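So this first bit is one chain, no partners, the form predicted on its own, shown in C-alpha cells.
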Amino acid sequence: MATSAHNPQPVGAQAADQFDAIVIGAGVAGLYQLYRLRELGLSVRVYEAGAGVGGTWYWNRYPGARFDSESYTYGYSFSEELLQEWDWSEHFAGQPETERYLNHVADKFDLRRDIRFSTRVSAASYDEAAQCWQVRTDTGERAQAQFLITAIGVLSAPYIPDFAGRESFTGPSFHTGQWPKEPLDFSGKRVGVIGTGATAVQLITEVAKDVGHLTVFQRTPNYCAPLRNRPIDPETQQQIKASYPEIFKRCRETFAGFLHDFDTRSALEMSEEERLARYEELWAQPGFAKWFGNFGDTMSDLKANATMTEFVRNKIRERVNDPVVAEKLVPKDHPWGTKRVPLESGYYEAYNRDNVVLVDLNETPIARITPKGVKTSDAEYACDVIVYATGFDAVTGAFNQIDIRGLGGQTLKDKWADGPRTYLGLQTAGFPNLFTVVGPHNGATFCNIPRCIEQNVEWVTDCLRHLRAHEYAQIVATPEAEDDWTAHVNEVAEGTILLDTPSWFVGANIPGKKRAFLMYAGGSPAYRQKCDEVAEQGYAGFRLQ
C-alpha cells in the first residue's frame, strides 16, 4: 500500500526518509548522476547493492577483467582537474585500476555521504496522490522522492542456466559477475569454466597460466579479436592529457562513441586484394577498430559481412595448433559482429597448452553438475572449482529484480513482458518521474558506455532543471511517443543484420524471454540529436503537469 500525506503510515511502519531524488546504483552512471543532481541543489539518496562504488567494476573482479574501450575514452570528461590528475597505466586498464579510479572519483567529489551501500532496492511504487516514488530496500529501509532514476547497468543481472545437480557440487563455484573479493589461488587446481563469451575469454586466458588443469565447456564459439594492449609511457601520457578535447570530440562524432568509426566505403566495392589489406590493417590496430572501424556494410549486408567473417575464421585457425580444436573454436552459426565481439590477449593460444581441454557442448551437452564436477553426455570431468561464465539477463534483467509499479499499480515487469517499450530509452508511459539511465532502447546500450552515460545523465539533469524552473510536479512519456520510439528502434534494428543472431542483444540467451531488440542501433550522434530536439521543443512527447 502506498503511503502519503493522504494515506498515513501503517502502524509500526518505519517512517520514510524524504528526498528530492533517489538513484539506484553507484556505478559509472549513478556516481555521475549524483554529482549532477547535487549541482541542482537537490537532496539525493543513492542505493547500492555492493559494499563499494563501481557497479560493473566492483562486481566483475575475475582474473583478466579489463576495458575493451581505450582507458582515456572511458573515464569521465566533466572535470578538467580529474582528467589531468589521473594517470591511466595501460591503454586498456584492468579491473583493479578501474575500481581505484571510481573510488578516487567518489572521494574527490565527496559522493559517499549520499550513498547507502550494501542495500538493494526491492520495490518502488508511484504514489499518485502525493506524486512521488515510495521505495523499499532489502534492509527494511523506506524512502520517498519526487524522482526515481535507475542506474542499474546493462549487464548486472547474472544468469546461470538451471543445470541439474548444481547445488550438489562440493567445491567452490560462482558466476564471474559475483566473483569473491578474497583472492583465489588456482595453482594446481582443476578448474572448469562454463561459457566462452567476452568474460570467459578474458578469464580463460589468465587462468590457463596458473591452474593445474582447465576444462573449458563451450556453448557457443565466438569471433574474438586481438586487444593489443600495452602500457602508457610518460610521453604518451602527456600527449593524451593534452589531447582530451580532441579525444572527446571524436567520441561524440562516431557511431558508437569510440575513437573508431565505420568506413563509409562498401566491402564489396573493393578488390579482394584491397579488402584483405584493409582487414589486415584493422586487425593490427588495438581495441574495437576491427568492429566499429570496419566497412559499414559489414553490419547491414550479409554478403559484405561474409568477407570479414571468413577473414576472422582463418585468423582463428592460424593460431590453434590442433585443427580439430580449431574448428570447434570457429563460429559457424552467426556472422561476424552480430554478437558482442570479445577482445583477447592470447585466448586462442590457451588451447595450445597441455593443461587445457575444450569440451564442445554442442556435441556432448552437460547432463548435470555432480558433487565432483561436470558430467556431460559422454564423460564426467573432475573439478575442484567451477566458474559459471554464463552471461547476464541483459538490459531488462536488472529491472525485473525490482518490483517497480507505476500508475494504477501496473508493474514494469508485466508491461515489458513482450519486450521493452520506452520513449528515448529514458522513460516509459505510465511511470511518471521514472528515468531509466542506460535503459532499454537507449543510445547508451550500444556504445562506449561512459560517453553515452554522460549524455543520458546531462539530459536527465537538464530535464529536472526545466521541471523545477517551471514548477512542474510530474513528467511522463505519452503512449503515442512511446509507440513511435519503440517502432523506430525496431525499424533501425531491422536495417542491420543483428536480429537474425540469437544473442543477448535480443534476449535470446535467457529461456522464456521474449525475443525483442533491447538496444538502439541508430548510433550515438543520431540518438543525441533526437534527445536534444525533444528538449528544445519543450520536452515533446512527454506530458508535464
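In this text, residue numbers run from 1 along the sequence as written. This is a predicted model, so every value here is computed, not measured.
The following text describes the form predicted together with a small molecule, which does not appear among the structures shown.
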If you check in the predicted bound form, is Trp504 within 4.5 Å of the small molecule, heavy atoms only? yes
With the partner left out of view, is His260 within 4.5 angstroms of the small molecule in the predicted bound form by any non-hydrogen atom? no
Taking heavy atoms only, is Lys372 within 4.5 angstroms of the small molecule in the predicted bound form? no
I'd like to check something about Phe147: if you look in the predicted bound form, is any of its heavy atoms closer than or equal to 4.5 Å to a heavy atom of the small molecule? no
Work out which of the listed stretches, 192-200, 236-244, 80-88, 279-287, brings a heavy atom within 4.5 angstroms of the small molecule in the predicted bound form. 192-200
Residue among Tyr159, Tyr381, Phe248, Trp179 with a heavy atom within 4.5 Å of the small molecule in the predicted bound form: Tyr159
Only hit among Val330, Ile232, Val105, Leu361 for heavy atom within 4.5 Å of the small molecule in the predicted bound form is Leu361
With the partner left out here, if you bring back the small molecule in the predicted bound form, are Thr220, Phe392 and Asn509 all within 4.5 Å of it by some heavy atom? yes
